[in-house]
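Here we start with a single chain on its own, the form predicted on its own, put down as structure tokens.
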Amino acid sequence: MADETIAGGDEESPGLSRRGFFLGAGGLAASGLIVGGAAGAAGGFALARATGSETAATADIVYPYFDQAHQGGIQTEPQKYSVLMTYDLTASSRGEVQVLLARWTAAIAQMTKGQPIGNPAPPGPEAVAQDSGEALDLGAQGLTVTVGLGPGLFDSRFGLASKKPGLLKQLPHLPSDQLQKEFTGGDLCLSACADDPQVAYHAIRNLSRMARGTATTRWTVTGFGRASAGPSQQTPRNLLGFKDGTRNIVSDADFDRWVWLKNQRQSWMNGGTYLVARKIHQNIETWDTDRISDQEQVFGRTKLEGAPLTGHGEFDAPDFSKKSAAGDPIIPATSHVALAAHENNGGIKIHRRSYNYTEGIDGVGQIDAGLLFVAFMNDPDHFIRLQTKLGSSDRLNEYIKHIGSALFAVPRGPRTGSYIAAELFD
């Protein structure tokens, strides 16, 4: 039977046959990296957790990869560790981008099952290992890898301009931005999250190896001690010592309303979302000299319990109209919670999935640390509106600065026998 051609090849990259695409791209078949083939079949993860038990050891937690309505690492209950990496494409043709995404898909499918990439048999002593090996025997550890596509993918290089989502563009300059070029932008991104830091790192390391010759690394942040909570988790704390994520989106209804895309003109984005990544440096040594009562005024919450200043428990609804005996709002209008609350922003909600980071000592001898802010939403303008307000008035700005920023389109999860964002190239 004649090969079915993958439509849309540009002048520099003629249309690729499906057989040639999957079997000829760097020896995928020989290496065991055939998408949807024996090495990548979905049968190994028909259940959300390999053991089917909430009490399973983290090594045994396996999230399904193929045939999911949405990519993992978004609504998935947050794991303990994260590595975010962005990339600049150096490919000269659209076909090279397709091959990279296909290879990434196959490798992610294996790594999320706790398996080494490529042929699982140990290589001979003279062979170059297909898997770097540092995660062998660690198990899946709840690994998810989320793939995002940046605005640059849709420029004139690859003939994809007509497929660009209308809302995908570089974020504008926002109040309080102090962006550093080395921490901004990217044509592609990978966000690996796991309950073991070495498993998350291993995923990014090996996917970056696959990208050599097609893409170069741009910027990265390694996160720990998640600063966002899931529905069954205790609210974690950021490096400023406050609970972070108390009012985060957790319900299916809110995800459907504020996160997932549907009825899109670019149909390949249905089931997807948008990812905003921000690297936020925190002046924690200055913060530590402030008295707790003032810190609570900055956040609008108590430090120990995490309760709004008008309540007693963490999950009490804040009352922004309540005033003190002197007639002042008990929750200051310039507090972080008042400026970010959906009640004060036309109901807008975004799903935060952030992590703390530390990178040693900065150039002036201070601790270099902060927040890897990651958020998902079905309209990037929701983030822009919130951050414009926060960047203009938030008292927290005295202690933080946004030094990194990027926006990515996140396609739906791949189907068995296909690869991530395949519909983009059809």
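Numbering starts at 1 and runs along the sequence shown. Everything numeric here is computed off the predicted structure, so don't read it as measured data.
This protein has a second form, the form predicted in complex with protoporphyrin IX containing FE (HEM), left out of what is shown; the following refers to that one.
Chemist: Quick check for you: of 278-286, 196-204, 164-172, 67-75, which stretch puts a non-hydrogen atom within 4.5 Å of protoporphyrin IX containing FE (HEM) in the model of the complex?
Modeler: Selected stretch: 278-286.
Chemist: Give a yes/no on whether Val145 approaches protoporphyrin IX containing FE (HEM) to within 4.5 Å in the model of the complex, heavy atoms considered.
Modeler: It does not: once protoporphyrin IX containing FE (HEM) is placed as it appears in the model of the complex, Val145 has no heavy atom within 4.5 Å of it.
Chemist: Determine whether any heavy atom of Leu396 comes within 4.5 Å of a heavy atom of protoporphyrin IX containing FE (HEM) in the model of the complex, and answer yes or no.
Modeler: It does: once protoporphyrin IX containing FE (HEM) is placed as it appears in the model of the complex, Leu396 has a heavy atom within 4.5 Å of it.
Chemist: Would Asp244 count as touching protoporphyrin IX containing FE (HEM) in the model of the complex under a 4.5 Å heavy atom rule?
Modeler: Answer yes; at least one heavy atom of Asp244 falls within 4.5 Å of protoporphyrin IX containing FE (HEM) in the model of the complex.
Chemist: Is Asn238 close to protoporphyrin IX containing FE (HEM) in the model of the complex, meaning a heavy atom pair under 4.5 Å apart or at it?
Modeler: Yes - in the model of the complex, heavy atoms of Asn238 and protoporphyrin IX containing FE (HEM) come within 4.5 Å of each other.
Chemist: Though protoporphyrin IX containing FE (HEM) is not shown, can you say which of Leu160, Val337, Leu179, Val250 has a heavy atom within 4.5 Å of it in the model of the complex?
Modeler: Result of the distance check: Val337.
Chemist: Using a 4.5 Å cut on heavy atoms, which of Met85, Ala211, Val99, Ile350 is close to protoporphyrin IX containing FE (HEM) in the model of the complex?
Modeler: It is Ile350 that has a heavy atom within 4.5 Å of the partner.
Chemist: Each of Ala341, Gln387 and His402 having a non-hydrogen atom within 4.5 Å of protoporphyrin IX containing FE (HEM) in the model of the complex: is that the case here?
Modeler: Yes: Ala341, Gln387 and His402 each sit within 4.5 Å of protoporphyrin IX containing FE (HEM) in the model of the complex.
Chemist: Using a 4.5 Å heavy atom cutoff, which residues in 287-304 contact protoporphyrin IX containing FE (HEM) in the model of the complex? It's fine if the answer is none.
Modeler: Contacts from 287-304: Phe299, Arg301.
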